[in-house]
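Shown next as structure tokens: one chain only, the form predicted alone.
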């Protein structure tokens, strides 16, 4: 089955109020071409689940996020995403701050169709006091240990970015870390994958080792060839993070006029091709 599609067609599946998951990690291998397409859409009131980076900052600034469920929000070389900081300080989003391991366990529970999974992550911290809906359970065995009952993070749609893929929806990362993209896909009712390059299935074997092919076709409803689609986050070995661009983006959080200029130049565009042309002219 040929599952090739476009960012616009994938984003057209989102409805107001849906819960979406965004893969990647901080400012690393984020499906940014999808994020930019969401910005061009009219969709709103989203619940977003992510190990956040500029995806969060951009969607917060555009008023797309109603609730954010996250383990952290960072630009890596800039420790705290400044547009996210602004959204938290102004109270424009409902934030559910979780331990990184709790977020992982919530995705894992959803991927296994379980209501929750027990974990020690979060014990002894304020994460439980600021998330009073998360409960504790006691082990039914002799140890009787008290554990966090992390609820499943069920997603309507997940979006991820991989280095390589095929037309059937198999996906492959070539960088140092798979992150939790596989879990995002398994936790979602629908999943869409952008890739730097679409290969023939048989050619994926020469692109990287077998264990790098973490996404199989049963997890993915659509695949989009999007070279440069993770910009300005990193996507090694294809390209590193565009630090100059990231710094210019981050600086706009303190200057409304600078943000409006940035938005007009890079975001208020018809499509991803226009964005790519703008970036190449820098």
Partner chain sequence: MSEVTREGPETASRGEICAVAAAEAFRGDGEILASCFGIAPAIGARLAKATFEEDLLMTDGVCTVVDVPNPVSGPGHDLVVEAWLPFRAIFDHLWNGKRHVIMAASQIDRFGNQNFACIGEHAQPKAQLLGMRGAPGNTISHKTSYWVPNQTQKVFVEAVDVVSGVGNDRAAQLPATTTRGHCLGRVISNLAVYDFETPDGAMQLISLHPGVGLEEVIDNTGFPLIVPDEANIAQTRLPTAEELRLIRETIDPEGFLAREVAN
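Numbering follows the first chain given and starts at 1. Because the structure is predicted, anything quoted here is derived from the model rather than measured.
The protein also exists as the form predicted in complex with its partner chain; that form is not presented, and the subsequent description refers to it.
Only one of 194 to 202, 151 to 159, 119 to 127, 164 to 172 places residue heavy atoms within 4.5 angstroms of its partner chain in the model of the complex, namely 119 to 127. Within this chain, residue 89 lines the site of its partner chain in the model of the complex, having a heavy atom no more than 4.5 Å away. Contact between residue 249 and its partner chain in the model of the complex is not found at the 4.5 Å heavy atom cutoff.
By the criterion of a heavy atom within 4.5 Å, residue 79 is counted among the residues contacting its partner chain in the model of the complex.
Remark: residue 209 does not count among the residues lining its partner chain in the model of the complex, judged by a heavy atom distance of 4.5 Å or less.
Of the candidates 135, 189, 112, 146, 146 is the one whose heavy atoms come within 4.5 Å of its partner chain in the model of the complex; the others do not. Using a 4.5 angstroms heavy atom cutoff to its partner chain in the model of the complex, all of 73, 177 and 180 count as contacting.
Within 4.5 angstroms of its partner chain in the model of the complex, the stretch 92 to 118 places a non-hydrogen atom from each of 95, 97, 98, 99, 100, 101, 102, 104, 105, taken in sequence order.
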